[in-house]
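Have a look below at one chain only, the form predicted alone, in structure tokens format.
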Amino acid sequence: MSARREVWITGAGLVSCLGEGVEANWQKLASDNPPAAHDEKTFAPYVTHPLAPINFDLQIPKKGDQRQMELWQRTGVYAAGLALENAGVKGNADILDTMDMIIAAGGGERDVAVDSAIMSGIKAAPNPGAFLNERLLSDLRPTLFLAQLPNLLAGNIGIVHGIVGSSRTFMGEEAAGVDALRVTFERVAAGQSNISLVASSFHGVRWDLLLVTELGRNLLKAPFKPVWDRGEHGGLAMADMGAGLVVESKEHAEKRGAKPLARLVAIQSDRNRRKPGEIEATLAAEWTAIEPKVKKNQAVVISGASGLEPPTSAEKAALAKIGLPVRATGSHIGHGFDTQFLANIAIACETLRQGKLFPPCGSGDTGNAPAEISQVAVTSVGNWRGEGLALIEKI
């Protein structure tokens, strides 16, 4: 059995309500008032984090390509392009021909006009079932339906950026993002892949998804509060975001002269039934698995806490026992489900480069950064299911 290979992150791309690019996002996080990027008016009384203005032409030059994508796909393709550019492989056909890809994504937007017409007309229809079938057959465009499929994000990334290696798409909200990176890490470490793109996008600032989420009374209502301080029930501030990471073996990166952003040391993924105490127990087990590799006097935590309860309080309690300085990005960029974990890995890479933490926001953001930050642990506690933990370190 061959030795496991060292795994590097060599590229990162991020777009969110704070702007585009990992460094630009980090600078906004480090500013005096980053929560100003939230919106309390468009979908009042609900708080959202809409995508900052982006010139999609910069990463998706063909208007025809843009037209056949909805916002969530354009966002993902754009973030993937930023990651490829950051890694120095964009447009390099020799590398892109062998690059693998794992995507974490849910479905896309619905046709609002069709939905509204059906909901209005079905009440007066003498035969509601027949009415529904007729309208679905005549009103839904096949191209619209196909464009919303999660694996079309991988297809569009491949078309626009020229990636033609193997492709996988994971679904499953926050856990999908964790497992997309975990599987990539294991494949690269085992020698089954030399270089891979891990990417995700989420468009949460749209009426249909807000409606579905609020049916469970899970949305954050104005006024805005940090994720740690949203009360007994908590609430999600839905977000738009896209993230991409280029992950490759040390040998492959060195051969092409790439500079690493970070070493991916370990990644854990698990789930439980969410009975009292189980979230804390799962996070404790994941921490125990990586703890021997942690330099506690040089490490910090970037949390993916959603703001929903009881998961947020459970994570807060588990992190208090670990005792490292903590910062939660959800207070600044909102919650992006499948994309949140990969976005936080990108922010963690920039934290290592900057060598400092952004200011605290809320009661769960605790501790001061050590004099030297050489490691970042990134958490992911799903709004419904799935716990994840990764450790990256400076090279």
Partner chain sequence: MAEYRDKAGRPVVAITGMGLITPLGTGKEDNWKKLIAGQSGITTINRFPIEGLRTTIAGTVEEGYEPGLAPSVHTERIAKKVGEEAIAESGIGSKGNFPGPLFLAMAPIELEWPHRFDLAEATGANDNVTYADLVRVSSQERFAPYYEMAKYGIVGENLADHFGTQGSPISLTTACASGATAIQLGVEAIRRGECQAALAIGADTSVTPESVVRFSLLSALSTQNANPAEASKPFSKNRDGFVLAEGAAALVLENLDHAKARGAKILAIIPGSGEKSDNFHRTRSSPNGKPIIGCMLNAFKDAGITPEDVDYINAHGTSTPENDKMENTGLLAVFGERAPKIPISSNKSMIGHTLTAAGAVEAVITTMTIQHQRIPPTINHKIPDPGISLDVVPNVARDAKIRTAISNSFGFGGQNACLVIAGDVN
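From a predicted model like this one, the values you see are computed outputs, not experimental measurements. In this text, the rigid core denotes the largest set of C-alpha atoms whose superposition between the two forms falls within 1.5 Å. Residue numbers count along the first chain shown, from 1.
Unshown form predicted in complex with the partner chain; subsequent notes refer to it.
Residues placing heavy atoms within 4.5 Å of the partner chain in the predicted bound form fall in a single listed stretch, namely 61-69, out of 22-30, 364-372, 61-69, 324-332. Contact with the partner chain in the predicted bound form, defined as a heavy atom within 4.5 Å, is made by all three of Leu149, Gly162 and Glu214. The contact with the partner chain in the predicted bound form, taken as any heavy atom within 4.5 Å, belongs to Thr169 out of Gln298, Ser249, Thr169, Ser313. Interface residue among Gly231, Pro276, Gly129, Pro223 relative to the partner chain in the predicted bound form, by the heavy atom within 4.5 Å criterion: Gly129. Using a 4.5 angstroms threshold between heavy atoms, Ala258 stays clear of the partner chain in the predicted bound form. When contacts are judged by a 4.5 Å heavy atom cut-off, Gln192 counts as touching the partner chain in the predicted bound form.
Not displayed here, the partner chain is approached by Arg271 to within 4.5 Å at the level of heavy atoms in the predicted bound form. The partner chain in the predicted bound form is approached by Tyr46, whose closest heavy atom lies within 4.5 angstroms of it. For the stretch 96-114, the set of residues having any non-hydrogen atom within 4.5 angstroms of the partner chain in the predicted bound form comprises Asp97, Gly106, Gly107, Arg110, Val112, in sequence order. Annotation for Pro292: C-alpha shift under 2 angstroms between this form and the one not shown, rigid core superposed. Superposition on the rigid core between this form and the one not shown places the CA atom of Pro276 less than 2 Å from its counterpart. After superposing the rigid core, the Cα of Ala124 is displaced by 2 Å or more between this form and the one not shown.
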